[in-house]
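One chain comes next, on its own, written out as structure tokens in the form predicted alone.
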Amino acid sequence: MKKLGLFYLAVRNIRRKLFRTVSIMMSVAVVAGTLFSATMVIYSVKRSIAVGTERLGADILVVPADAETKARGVLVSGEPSTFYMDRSVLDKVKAVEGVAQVSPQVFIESSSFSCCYVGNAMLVGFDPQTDFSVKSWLADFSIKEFGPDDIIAGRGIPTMVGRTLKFYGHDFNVVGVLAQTGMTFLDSSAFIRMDAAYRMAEESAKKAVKPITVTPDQISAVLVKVAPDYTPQRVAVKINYAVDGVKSIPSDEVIATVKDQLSKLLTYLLTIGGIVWVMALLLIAVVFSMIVNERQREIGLFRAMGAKKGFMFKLLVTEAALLTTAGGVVGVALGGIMVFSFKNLITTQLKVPYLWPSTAFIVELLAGCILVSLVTGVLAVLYPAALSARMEPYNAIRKGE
């Protein structure tokens, strides 16, 4: 009698019709895979932006007006770029109402020649006297003072603490390697003191094949912290109005830019997922309605042997639950493989940052997608299962002959 249990019978019925079984499983797998991969991508990008923005530590980034596109490219996709403006902008920005703190930075793109340890990386020079971004990281590395030739490398630069990195013929000591943020601007950049950057630029004329043209009276950007009673958007407008030749980029705008880039993709994926989900519901409902018609004699015999009305209902629900749960497992597995395999393509084509979610989130998402698959099967089979439960044994056996 053990072999004739509900689970055993459900498995036997599923195995009898292989093509039908695979069709149902794959339709549910598409739904689960789309839901899983879309959620993974969107959450990973948002998490990367949140971590990167927190690491950056600035409410507003002020850059030359003609370099706004380059600056956004640096922040969002980490494209190495150099642009400069006069240092006098620093004092002008500091005088704007609502500005609490300012700190300059200078950007230098590393060369692909032998003078640099790694090419096409961003060297970011900061001012130790006014900095409120890089200096906040020092506690992570148990560093009290950032020396004139010290350097903090992003996770994307192949190095480790204690090694020496050479850029434009100048040697720097690696005192820290940042945790991954998913933002290429941080992961593929190296942070040095501003005076070291200018000194490196001066020495590059003799030590490097390609000299650096930046001078001490030039900076690339001004990082701004906004006073408590002001919003970044409001202060950004004030800076744009008060200081000629600059463009203020609030951190929130960077997030909005990425969201705009993802909106079409998200809409596309969710539309496909919704259509496939409806089709899966209809497909499963139709298939199990056919199953009820095909198995009327079987239903009647079970009832004649003493099975209660709810037995066939439970049997069909169990079959649907097993099929759709298996489809959900296949779907999230394929979705995970797709996201993992095409991670680099996602970041390069969409030009968005990407940071893997935590293990806890992935587990919760897996469980959620599989649960959606299970619910899909149960909802779709409710009517056919209820129909089977209402069949009278004698009539069912006669119709099934």
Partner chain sequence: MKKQGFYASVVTMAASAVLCAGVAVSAAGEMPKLKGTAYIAGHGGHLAVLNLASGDLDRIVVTGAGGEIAGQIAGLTLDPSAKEAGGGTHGQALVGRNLYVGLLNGKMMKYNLDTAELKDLGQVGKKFCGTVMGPGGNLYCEDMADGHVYVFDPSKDKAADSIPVGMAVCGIGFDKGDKHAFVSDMVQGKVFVLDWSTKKVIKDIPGVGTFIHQGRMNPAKTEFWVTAANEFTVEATGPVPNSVAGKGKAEVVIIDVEKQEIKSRIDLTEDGAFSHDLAFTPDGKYALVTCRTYANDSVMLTIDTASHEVLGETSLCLACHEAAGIQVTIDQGSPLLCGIEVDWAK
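Note that the structure is predicted; figures quoted are calculated from it, not measured. Residue numbers count along the first chain shown, from 1.
Omitted from view is the form predicted in complex with its partner chain, to which the following refers.
Here the chain stands by itself, but in the predicted complex one stretch of 325-333, 86-94, 225-233, 162-170, 225-233, has heavy atoms within 4.5 Å of its partner chain. Screening L123, V243, V317, L186 for any heavy atom within 4.5 Å of its partner chain in the predicted complex leaves a single hit, V243. Of the listed positions (V286, A205, M279, V237), a single one reaches within 4.5 angstroms of its partner chain by any non-hydrogen atom in the predicted complex, namely V237.
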